[in-house]
Structures are given as C-alpha cells and as structure tokens.
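A single chain comes next, written as structure tokens; it is the form predicted alone.
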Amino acid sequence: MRSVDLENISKYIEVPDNARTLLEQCERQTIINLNVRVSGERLLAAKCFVVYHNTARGPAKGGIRLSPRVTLEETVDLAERMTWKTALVKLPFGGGKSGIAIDPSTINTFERINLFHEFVHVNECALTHGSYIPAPDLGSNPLDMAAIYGQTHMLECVTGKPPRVGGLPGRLEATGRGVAYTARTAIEALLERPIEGATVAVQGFGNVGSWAAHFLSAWGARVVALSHVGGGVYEAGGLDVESLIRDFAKASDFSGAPGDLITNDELIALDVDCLIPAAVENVITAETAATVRAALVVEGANGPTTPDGDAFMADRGIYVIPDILANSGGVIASYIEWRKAKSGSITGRDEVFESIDSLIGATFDEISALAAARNLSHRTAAEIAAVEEVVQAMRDRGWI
C-alpha cells in the first residue's frame, strides 16, 4: 500500500507516466547486516534497511527506526512519506528512512554506541557526502545521533543531536509542537471556535503525544483523555497534563491518575472536538472510524488512518488533517538544525517554534484554500500540493 495514490492524484493534476514510474519505486533500497562484537561472547546482529525514495528536491532526509518488527516494506513506506512531507512544507530535502531490526530495550548504552558506530561505518560515504541525513525516530534518541556525529565529526551529517553537541534547542519538542499548532489552527479555522476550552483526546503518550498535549493544554484547550499502548485515562473536566507527564515518566502508566481508566478504542470513540492519533499506524480503520465522534482528526503519527477509515470519515464530514502536514514539525526543526550547522548561526528555542508555526500555518492555509476551491478533503489537497512540488522538481532536474 502506497502512502499516496498517484492514480487518484492524476485526476486533479498532470502526473506524466515517466514521473509515476520514478515515484512508484524507490531510488535505493539497501539491506545491510549490522554485526557488532561488543564483548568476548556478545555479538549484536541486526538487519538494517536504508531507503531513499526520491531525492529530486534534495538529500534523503529521514530518521532511524529501531524496532524488532521493522521491515523493508515499512521503511519504504516511511521514506515515501518523507518525500511528500518535505515537499509539502517546501524544505530542500528528499525522502529517506532507515530501520534497524533490534529491540532497543535489550541493549545497554555501550552497545547502542557501538551499534551506531557500525551504522556509520557501513553508511559512511552517504553520511559524509550529505546524500542521506538521519535523525531520531521510534526507538532512537539524541544520544544515538551524537554517536553518529562522533564518528563523522560533521555537525551537518545528522540532526536531532543534543543541544550541547551541535543540536537545536526545541528539537525534542518540535514534532509535538507541530501537531499541537496544526490542531489549534484547524480548530479555530475549520470548527470556528477558539482553542480555549476546546476538547482534545490524544492517543499515544510518547514524545509526540505528550508534547502535543503539553502545548494544547498551555494554550487553554481541555485535554480530556490521554493513552498509551496499555490504555488511558479520561476526565471530562480536563486532565492535569503536566502532572501526568511527570508521573508517567516514573510509572509508565496511568493507573494512579485521577479520572476514569479507558481503553484506546474507547478514547478513539470519545465525543471531543479534536482527536489526535499520535501512536502507531493503522489505528483508525473502517471499523474504528465508525465509532469516531470527533469533528476533527489531526494525524500525529505516521499513517494512523487506513484508506477505508479515511473514506468512512470523509463520508461522515469529519475533517482529517494528514500526517504529512500535522507531524512535519520535526523535519522543519531538522532543517533549521542542518542549516545552523552549515552557517554557524545560533538559533533559540522560541525561534524554532516560530518557524514551525509559520511554515505549518502557511501550508495549512494553502491546502485549505485548495480543498475549499475544488471541494476536496484536506488529505487530497495536501497530496496534490506535495506531488506537484516533486513533479516540478523532477522537471527542473531534467529527470522527466
């Protein structure tokens, strides 16, 4: 299943056959055996997938996912989403992604460092020449990116580093900030109500979900439900998000939180203004979409809605803001960090957030205007804008 249906997009804009040929396949798919001896008896062995989907607009940009279940197919899908995401917000990057098939909870800090050193060793040419720029993703973190920098000694070869190691203040919060700002903008523009008092449910309480809840709560939204893989908590009057973030960091669950314990399916079915699926892919299917009562869905995760689920919500008049816009805050911040590394400029946290807000706000206005003018969903409008940007870039490069 492709992240963008080019046949459907071809109904609205010209996508030449030779462009479709290039876009329906990846430029590069590499399978590597990472084998690292970390002690006399201990050998780390893991499959590693490195994918470039399309680099017409710039170097392949995309995080490194660590998961025992990551596959080449998943990595390809995520790399393609990065192509559309960077094109939609007009960053000079293409789409890439890496996956390492290992459970990060089974390796210690020393082993992680050696694993990422080996990742650099087998991808050194791409990293040092700037054709692939990785960042943190599910299972990886800023310290892993620092290990990559430590092997290359090039600040611009990797983003998502700790601020003291050439990283960017605000990068940790950036994806959640983008999701929150998208939700705020959509609530105010589409639901025509202020963010103050708007009800929000967030499914997923990792980095993205927790920061999205943090910002929305700070802006006056009433965050009534939060969840993680084991379930969640609901309080009609609104949750104390900051307390829950602190408590969750210690206990990793909501068992002692004030409010009613709920399942993830119950959270998806809550009667709220805005639902934010910010955990994993394919959680809103045709079956679960039938239970959605939110007026607005903002996709914090990559691919949380299946095509059948999306069509079902469209038929019911539910606004859906797609992932390629809603969670683009992370790659916007990565661009700022990459640019900072090349120029030597100093960029503060507030400036990072202002840049994320500005780019997402302008892009939201653009796709909303297109959606209204042509009676399209926001997803289709966003995909049209992204595909057109990439097709035009391929013309500029002489590829088509």
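All residue numbers are counted from 1 along the displayed sequence. Being a predicted model, the structure only gives us computed values, none of them experimental.
This protein has a second form, the form predicted together with nicotinamide-adenine-dinucleotide, left out of what is shown; the following refers to that one.
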item	value
Partner proximity in the predicted bound form: Thr75 to nicotinamide-adenine-dinucleotide, non-hydrogen atom cutoff 4.5 Å	no
In the predicted bound form, Asn207 touching nicotinamide-adenine-dinucleotide (heavy atom, 4.5 Å)	yes
Arg57: touches nicotinamide-adenine-dinucleotide in the predicted bound form, heavy atom cutoff 4.5 angstroms	no
Touches nicotinamide-adenine-dinucleotide in the predicted bound form: Asn302 (any heavy atom, 4.5 Å)	yes
Contact segment among 313-321, 121-129, 294-302, 217-225, judged by heavy atoms lying within 4.5 Å of nicotinamide-adenine-dinucleotide in the predicted bound form	294-302
Interface residue in the predicted bound form among Ala189, Ala286, Leu261, Val280, criterion: non-hydrogen atom within 4.5 angstroms of nicotinamide-adenine-dinucleotide	Val280
In the predicted bound form, the residue from Thr159, Thr83, Thr182, Thr175 that sits within 4.5 Å of nicotinamide-adenine-dinucleotide by heavy atoms	Thr175
Residues in 137-155 with any heavy atom within 4.5 Å of nicotinamide-adenine-dinucleotide in the predicted bound form	Asp137, Leu138, Gly139
